[in-house]
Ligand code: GCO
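As a starting point, one isolated chain is supplied in structure tokens, in the form predicted alone.
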């Protein structure tokens, strides 16, 4: 019996892409707070980033891969610690490098989606307090202004700060990101406010510079559910981690949604999904439907168009990756059919790379990377995802 299918079409001009971050793929990012953090003797990071994927040197090969899959956009971050290695000292060589990456993307038919801060900061910035410093918005704004002057005419879309809510929670709540502070909720909330101010300052600087491109914030979101008695805990989490940022995006051009799962709350606060629930190697509940749910909520709260700037799954079973992406895109398509303005979907990540505290023990990539030779080997999921992007049609098997 032939397998029946349902075809779901996406609009012309929809952004189909994949995403990376400088510290996770470039290698040798020794002047950043993350390099210092991961190389401490008592670090919680399972292994240092080292050479990462050597993408500082192999970026053209990476762009060739993205283009070969049939995608039309590539999100990457530029590294502040390379561009401003000491306070007020800017590297024209580093700025020229990232300009070449933007131009290289465009020459391959890829829209360059540039993130200005993706978790890592210069050591000098961390030494003055990082995003706890009242000077942070001014200093981040100055850095963004310099980058805008160099790159603004070649940027396709700009993301100011990647997941600022994760920067604050992991750095001042769980203590597994720099500066490694645990259970400091007051400091976490204060850092949230400074990060939001830094984002708003960056938007001003980008709009006053060359180029004309959409600008937004990317936020880590999850589908948040509560059992009876867990509503208050859920709402408190939602306010600190999501709503305080969503409200601060007024006037932006889009909101970047980054989601991987759903979170459960009971009378005692955050809890696991319960026995028997399917999970991923990251410990997340398997819940690709979070994409549609978070996109709907982000659009409703902000009134802005949505770009799903990250979504994906860590697995060494590539058939599971195809399954996850299929279910995620179905939920996204359902939201679009219901009128939610969603402009694109970027899979995380292009490469198996350095996954922060987890080191190299997680596998989100569409492309396998040999840890010794750096040879890139595309997976079947890359071809699957590329076929959807080229055709604009998702083929969903039905029973």
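Residue numbers count along the first chain shown, from 1. Treat the numbers as computed from the prediction; the structure is a model and nothing was measured.
There is also a form predicted in complex with the ligand; it is not shown, and the following applies to it.
Taking non-hydrogen atoms only, residue 363 never approaches the ligand to within 4.5 angstroms in the predicted complex. Under a 4.5 angstroms non-hydrogen atom cutoff, the ligand in the predicted complex lacks residue 77 among its neighbouring residues. Heavy atoms of residue 355 reach within 4.5 Å of the ligand in the predicted complex, making it an interface residue.
Among residues of the shown chain, residue 37 is not one whose heavy atoms approach the ligand to within 4.5 Å in the predicted complex. Checking 189 to 197, 318 to 326, 116 to 124, 289 to 297 against the ligand in the predicted complex, the stretch whose residues place heavy atoms within 4.5 Å of it is 116 to 124. Residue in contact with the ligand in the predicted complex (any heavy atom within 4.5 Å), chosen from 184, 301, 282, 215: 282. Residue-level contacts in the predicted complex: of 148, 162, 168, 249, one residue has a heavy atom within 4.5 Å of the ligand, and it is 162. The putative spot formed by 24, 260 and 348 is fully lined by the ligand in the predicted complex; each residue has a non-hydrogen atom within 4.5 angstroms of it. Heavy atoms closer than or equal to 4.5 Å to the ligand in the predicted complex belong, across 291 to 316, to one residue only: 310.
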